[in-house]
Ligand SMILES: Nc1ncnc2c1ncn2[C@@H]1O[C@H](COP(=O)(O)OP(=O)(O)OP(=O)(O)O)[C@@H](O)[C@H]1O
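One chain is shown next in structure tokens, namely the form predicted on its own.
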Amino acid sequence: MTDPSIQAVELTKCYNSFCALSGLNLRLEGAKCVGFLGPNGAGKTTALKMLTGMIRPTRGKALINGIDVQENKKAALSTCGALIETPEIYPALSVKEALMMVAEIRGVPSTVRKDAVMKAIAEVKMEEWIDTKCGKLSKGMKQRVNLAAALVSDPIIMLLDEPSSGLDPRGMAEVREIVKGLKKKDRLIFMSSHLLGEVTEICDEVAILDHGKLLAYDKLERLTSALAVGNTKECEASFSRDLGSDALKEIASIEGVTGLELVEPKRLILRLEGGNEAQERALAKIAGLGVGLIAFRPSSSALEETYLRLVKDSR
């Protein structure tokens, strides 16, 4: 099978004189998670609705795995799962009953339907509530069911429209962990979000939209590096175990490290000087300390600075 792909070609949606999306050209390919950022009204949901065939473009094309969604919606979306806005769930149905209905609608063969539903339930960690009526679930739990509904056909592409929107902190964290789990199944995930910390934690690449126009699309690290102010950069380092005071002192003494903040026992915010070379040297030295370094990426504040500069310049 070829790599999964999503493509917008001059994708445009206008309502009389107002254009919600204007000439969007974007190609996503391969197994990864791409964050879709932009202010309210930027056109993110409009773009996702055209990619899933929910609304027709004024002009341009929406392609899933190279198939035009408007010309052959069934074939284009056959390997795609989507959660757009917040769909309603029949309150009188149990979690299992609701998902069995969705699986039937999606054309999952009856011989494997139950297994497909149980697999989706396991992916969103809902086994304990399988026989609970959907109407009795919390908002966060309902969102998990919605995610499971998008997974019943075992898609290789996921389109998610602010999946953690409106949830309390615990619900947001739960949905975030589920999306992280989806990344491990070689899927292409395109996820709109307002939460810059969420995008930094989950996504590999970022596309930024404002006033219906694409402002930037690149890997997270390259995007924040290219638009960094001066030679100072903030990065986040995660560790497999708690950092003691000795480890913190050693990290603070590394050349190029101008400041650090322990935000959690296993997570640091580092301030570096010297651009990419300083980051490379610091990473190599921290890894050499043997303190359990497992991840190193731009901090959410670095993405916030990049995002605000791009959006400000577009107005």
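Residue numbers run from 1 along the displayed sequence. Values in this document were obtained by computation on a predicted structure and should not be read as measured data.
Omitted here: the form predicted together with the ligand. The next part is about that form.
Colleague: Heavy atoms within 4.5 Å of the ligand in the model of the complex: which of the stretches 39-47, 277-285, 26-34, 249-257 has them?
Modeller: Correct option: 39-47.
Colleague: Test of understanding: in the model of the complex, would His194 fall inside 4.5 Å of the ligand by heavy atoms?
Modeller: Taking the distances in the model of the complex, the answer for His194 is yes, it comes within 4.5 Å of the ligand.
Colleague: Within a 4.5 Å heavy atom cut-off, is Glu162 in contact with the ligand in the model of the complex?
Modeller: Yes, Glu162 lies within 4.5 Å of the ligand in the model of the complex.
Colleague: Do Ala20 and the ligand come within 4.5 Å of each other in the model of the complex, heavy atoms counted?
Modeller: Yes - in the model of the complex, heavy atoms of Ala20 and the ligand come within 4.5 Å of each other.
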